[in-house]
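Heads up, the chain below is alone and in the form predicted on its own; it's given as C-alpha cells.
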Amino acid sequence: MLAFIIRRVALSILVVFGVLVITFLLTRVVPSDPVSQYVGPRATPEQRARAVEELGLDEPIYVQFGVYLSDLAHGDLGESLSSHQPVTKQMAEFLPPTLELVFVAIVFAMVIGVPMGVFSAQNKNRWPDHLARVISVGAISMPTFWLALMLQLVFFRWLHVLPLGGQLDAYYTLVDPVPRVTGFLFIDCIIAGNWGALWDYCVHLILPAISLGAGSLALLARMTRSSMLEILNEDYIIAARSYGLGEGVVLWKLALKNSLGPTATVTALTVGWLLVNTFLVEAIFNWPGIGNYIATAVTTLDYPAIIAVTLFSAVAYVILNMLADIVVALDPRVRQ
C-alpha cells in the first residue's frame, strides 16, 4: 500500500506541475493588456513603464515562470491586476463559502443518490427502478441555472418558505453580524454562539445546495445501480442468500461495500468539478464564493487570479482522485 501511495503522489505532483506550466503559458499567450488593467487606461508612459517592471513583463517568459515558482513556494500567488489585493487573501475570503456549499451539496447527493441506486438495483426492471431512472435522467438533464430559478420560483415566490438568496438575512448582516474567525460561516456562528444566525444560514443553504447537488445525485445513483447489479450476480452473493442471510445484510453490508469503488471515484471527481463550477449557482443565489471570483477574473483577464484558481482546482482534483484510488486500493487485487 505504501508503494502504491508513493506512486500516486509522484504522478500527482507531475500532473499539478504540468497544469501550472500550461496555464502560465496560456495566460501569457492570450491577447490582453495587463498593464492597462493594472494602472488604468489613462496612465502616463512613466506609470506604464513602472508597471511593466513591477509585473516582471520585461523579463523572458522562463524568468517570469521561475519568479512565480519562487513566490509560490513562499505561499505568494501574486497580486490581482484589478483589485491590487494579494490573490492569497482573496482566495481565503472567497473559498470557505464555496467549500461549505459544495460539502452540503455532495452530502445531499450521496445521502439520496446511493440509497436510490441500491433500491434501483434491488428492484431491477420494476417500477422503483423505472422511477429512479426517470428521476436520475431528469436531474442530470436539467440545466443547473434552470433548476435554481425554478426552485426560487416555487419555494420563495409561491410558497414563501425559503429565502431567495444570500447567506444570511439582513438582520444578521447589519444588526447582529457574525464575527469572522475562520471564514466558514457555519463554524463562526457556533464559535460566536449565534444560534439564530446558524439556523438562518442553514436555511439559506438549502436551495443552492439542492441546485448544485442534483446532477451529482443522479450520477451517483446510476453509478451505484450499475455497480450493484454487477456485484449482485457474483457467486458469494448467491451463496450468502442461500445461507439465509437477510436481504438487508446482503445489500448493505456485502454488495454495497464491494461496489463503492467506482462510486468513490465518481464522487471524488464530482467534488473536484463542483469546486470550480459553482459560478452559475453562486450568481443566481448571490453566494459570495470562488465561482463568482473566477468568473470575474476570466472576464477581466486577471491572470494571477486565473492561475491561482486553476492551480487550486488541479490540486483539489488530484488529492480527491488520489483518495478515491486509495479507497479502491483497499482491495489487494487492485494493487497488483
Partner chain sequence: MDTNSRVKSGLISRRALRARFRETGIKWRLLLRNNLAKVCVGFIVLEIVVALFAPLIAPYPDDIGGAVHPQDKLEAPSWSHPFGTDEFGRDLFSRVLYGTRISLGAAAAAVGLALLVGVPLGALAGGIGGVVDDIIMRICDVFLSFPSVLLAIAIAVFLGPSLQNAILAIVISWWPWYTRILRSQAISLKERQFVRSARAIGSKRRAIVFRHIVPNSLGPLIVQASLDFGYVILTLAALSFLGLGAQSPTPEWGLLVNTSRNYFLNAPWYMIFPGLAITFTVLAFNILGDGVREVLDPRSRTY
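None of these values were measured; they are calculated from a predicted model. Under this definition, the rigid core comprises the largest set of C-alpha atoms superposing within 1.5 Å between the forms. Numbering follows the first chain given and starts at 1.
The protein also exists as the form predicted in complex with its partner chain; that form is not presented, and the subsequent description refers to it.
Problem set entry | Residues L149, V276 and T299 all lining its partner chain in the predicted bound form, heavy atom within 4.5 Å | Yes, the whole trio is in contact, each within 4.5 Å by some heavy atom.
Exercise. Considering its partner chain in the predicted bound form, which of A170, L153, A239, V181 comes within 4.5 Å of it through any heavy atom?
Worked result: Checking each option against its partner chain in the predicted bound form, the one that comes within 4.5 Å is L153.
Exercise. Here the chain is shown alone; which of N258, T88, S226, Q122 has a heavy atom within 4.5 Å of its partner chain in the predicted bound form?
Worked result: So the residue touching its partner chain in the predicted bound form, by this definition, is S226.
For this session: May I ask you to state whether T27 is within 4.5 Å of its partner chain in the predicted bound form, using heavy atom distances?
Result: Yes, contact at 4.5 Å.
Exercise. Heavy atoms within 4.5 Å of its partner chain in the predicted bound form: does I306 have any?
Worked result: Yes.
For this session: Check whether A283 has any heavy atom within 4.5 Å of a heavy atom of its partner chain in the predicted bound form, and answer yes or no.
Result: The answer is yes: A283 has a heavy atom within 4.5 Å of its partner chain.
Exercise. Is there a heavy atom of P143 lying 4.5 Å or less from a heavy atom of its partner chain in the predicted bound form?
Worked result: Heavy-atom contact with its partner chain at 4.5 Å: present for P143.
Exercise. Residues in which of 200-208, 172-180, 242-250, 226-234 have heavy atoms within 4.5 Å of its partner chain in the predicted bound form?
Worked result: Partner-contacting stretch among the options: 226-234.
Problem set entry | Residues within 4.5 Å of its partner chain in the predicted bound form, restricted to 72-95 and counted by heavy atom | Contacting residues: none.
Problem set entry | Shift of D302 between this form and the one not shown at or above 2 Å (CA, core fit) | Moves: yes, 2 Å or greater.
Problem set entry | Y293 C-alpha relocation of at least 2 Å between this form and the one not shown, rigid core basis | Comparing the forms between this form and the one not shown, which are aligned on their rigid core, Y293 does shift its C-alpha by 2 Å or more.
For this session: For L81, decide whether the Cα shift between this form and the one not shown is 2 Å or greater, given a superposition on the rigid core.
Result: After core superposition, the displacement of the L81 C-alpha between this form and the one not shown reaches the 2 Å mark, so yes.
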